[in-house]
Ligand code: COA
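One chain is shown next in structure tokens, namely the form predicted alone.
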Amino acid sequence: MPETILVEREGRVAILTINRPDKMNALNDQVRNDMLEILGQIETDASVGVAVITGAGEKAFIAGADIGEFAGRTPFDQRHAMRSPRIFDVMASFPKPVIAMINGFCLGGGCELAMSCDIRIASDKARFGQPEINLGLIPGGGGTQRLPRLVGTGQAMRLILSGDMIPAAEAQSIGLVEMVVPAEELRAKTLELANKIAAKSPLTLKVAKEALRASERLSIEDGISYERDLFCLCFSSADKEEGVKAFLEKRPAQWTGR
């Protein structure tokens, strides 16, 4: 495994730690490429049910992009650097659940990566923001699109146009994160939820996530129709038969992912 990303396993949960604590875990090209490689491995690994993303050290989840890479770049250079596949989009469309375990500063590209995850759990010491405006830039990892979908246009305007940072409690109050826990409990609480999710049918998790993500792009009428189709599709799976049988027999289900 590359040194920029540390990979741990706890049961069916893979914990991916961006390992640049001396740079506040800033995203550079190497980190992005290494993360893409590891996600590709996890996607095809049937023993992994959930991925957790975090940053090394106690100061930062990801403090943003590595600004040093911006110096001297032309628009053509930057467009090449932002070619697909992009880590933000791969994370958002990843077929398995992804949880951001936010242990500190979550800024710029780091906030955008967290928003690409399915669930965000933050330490009470974490701080959030999109400070690109202070560099004469705008968010470039999906922030202008994902942030208003999470917190509403007004709050997104406030954060992106001011470049201000907000504490974890405020981030939760506006809908940017789902849970805030004491820093010393962050790992335990995150893994508690991750393991609970990983114990479900992997096939059904994939279908449920697809239905939920569809709500971001479909009208309510089209979304409900799509949900109905996916619900009926579940009736073709062995896991649906096992789940119903286990419920009726009052025992835990034994999922096969088929």
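Each residue number is its position in the shown sequence, starting from 1. Predicted model, so just to flag it, every value in this text is computed and none were measured.
Same protein, other form: the form predicted together with ligand COA, not shown, and the subject of what follows.
Contact flag, Met101 vs ligand COA in the predicted bound form, heavy atom cut 4.5 Å: Judged by the heavy-atom cut-off of 4.5 Å, Met101 is well away from ligand COA in the predicted bound form.
Contact label in the predicted bound form: Lys23 to ligand COA, heavy atom within 4.5 Å: Because a heavy atom of Lys23 falls inside 4.5 Å of ligand COA in the predicted bound form, the answer is yes.
Proximity of Glu227 to ligand COA in the predicted bound form, heavy atoms at 4.5 Å: Because no heavy atom of Glu227 falls inside 4.5 Å of ligand COA in the predicted bound form, the answer is no.
Proximity of Val52 to ligand COA in the predicted bound form, heavy atoms at 4.5 Å: Output for Val52 is no: heavy atoms all beyond 4.5 Å of ligand COA.
Which of 103-111, 171-179, 149-157, 78-86 sits within 4.5 Å of ligand COA in the predicted bound form, heavy atom basis: Of the stretches listed, the one contacting the partner is 103-111.
Listed residue that, although ligand COA is not shown, lies within 4.5 Å of it in the predicted bound form (heavy atoms), from Lys59, Lys206, Arg213, Lys189: None of the others qualify; the residue that does is Lys59.
Residue (of Ile67, Leu36, Ala199, Leu218) lying close to ligand COA in the predicted bound form, criterion heavy atoms within 4.5 Å: Checking each option against ligand COA in the predicted bound form, the one that comes within 4.5 Å is Ile67.
Partner contacts for 111-148, taking ligand COA in the predicted bound form and a 4.5 Å heavy atom cut-off: Heavy-atom contacts within 4.5 Å come from Pro131, Glu132, Leu135.
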